[in-house]
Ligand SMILES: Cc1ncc(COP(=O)(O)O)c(C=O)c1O
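First, one chain by itself: the form predicted on its own, in structure tokens.
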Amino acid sequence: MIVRDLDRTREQLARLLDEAHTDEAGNLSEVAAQILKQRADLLAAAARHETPFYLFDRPGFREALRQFAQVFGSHLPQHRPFYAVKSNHHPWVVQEAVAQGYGLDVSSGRELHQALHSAAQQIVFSGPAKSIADHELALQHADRVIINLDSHGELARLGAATERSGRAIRAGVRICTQHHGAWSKFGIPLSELGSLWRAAQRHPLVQLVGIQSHLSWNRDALPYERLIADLGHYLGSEFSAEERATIQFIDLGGGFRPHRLEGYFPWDHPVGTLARTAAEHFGESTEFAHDYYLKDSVPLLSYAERIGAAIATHLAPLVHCAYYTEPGRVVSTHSMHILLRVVDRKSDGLVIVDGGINMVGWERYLHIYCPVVNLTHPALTEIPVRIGGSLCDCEDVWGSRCYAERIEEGDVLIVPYQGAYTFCVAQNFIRSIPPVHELTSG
């Protein structure tokens, strides 16, 4: 047997199958309705430029930036947002974030170079395995850069770099807690914060003034509330009043999900995975109750209200500092759309488009449901149709349904709100990465 305890495994499987499934069945017609408000401008872009391409939606991105800054600024003391460059590094996207008053959050020397060539006034530099060259570049621009230390070793390396250069730099330290799971790869355990804070005194040019932590894909504010409670307890019991007074910022990272823009397929739920695996093992197919379910999250206001309340309870009595956030996906999702054109209509149930999933870097749409809308023959209901891409790869699929009245060769399709972790992970696989064009009005 593959498992050691078959009876225990059977018991666990039975419990899993009996668990209630509460996620809402998918219906994202509101997304189709929203994007169709721009139908004339989108079709005009497809007429001006050869498909496929990414379409930079400056007004949509600007509004997402504005909303995030306004909502979090109303609930977090001295809030300062830093756009997470890793979620989409296209120059237009980064420039617009800076133009809207955001700092930049970078995770590599390459991103640091890009940020320094922007007009960003403040940059936070996180990430593991920073090189000596990374530290030296940051030190040359210490008036704009804060380094978030990832380890005790990095403190020693940065300390040595400051001594060689004679330059001082502000720094934070990244922490992880018992709730971080896979994210415990980053930073130091919270229990070691005090020892690193005091070790920094041996490096007087490393001005340790902040604490950073990050968890991703949070569908509500609970992970932040847990982090804030743990941090508050630690600072209250392990830091002196004098040490707490040196804290100038607490950086809560990113990890906020976009609200009601995508879904997941039933075979990506544990029960669906078991059902499909068992059926395929016996040469049968699986009938699922629904095509997809919403990968839902709370609205921005709920995140901000609950995080602000946790700060008021656990941190405000101890420290008086600014609070940073690092929004990436939640804002950059709105920065780009993908436009494609139907090249072949092979049957009522299969069409081929001129763009491949090299545009998004992996077989994303076999695992994540994102609406596809036919701009040429639109509708607010979906028709079943497999939308294959232009690559010699059977996993090159954009979806299995489309908001359309019908689909014909030459039709223009849009996959809306695909600005996050698509362009930035695109691959030169079989075909070149397509260009980015800007959406214009009128």
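Heads up: residue numbers just count along the shown sequence, starting at 1. These numbers come from a predicted model, not from an experiment.
Form predicted together with this ligand: not shown, discussed below.
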{"item": "Trp183, heavy atom within 4.5 angstroms of this ligand in the predicted bound form", "value": "yes"}
{"item": "Interface membership of Ser216, this ligand in the predicted bound form, 4.5 Å heavy atom rule", "value": "yes"}
{"item": "Contact test in the predicted bound form: Gly172 vs this ligand, heavy atoms, 4.5 Å", "value": "no"}
{"item": "is_contact(Arg329, this ligand) in the predicted bound form, heavy atom dist at most 4.5 Å", "value": "yes"}
{"item": "Position in contact with this ligand when the complex is considered in the predicted bound form, options Pro266, Gly103, Gly109, Gly255, heavy atoms within 4.5 Å", "value": "Gly255"}
{"item": "Which of 320-328, 338-346, 72-80, 282-290 sits within 4.5 Å of this ligand in the predicted bound form, heavy atom basis", "value": "320-328"}
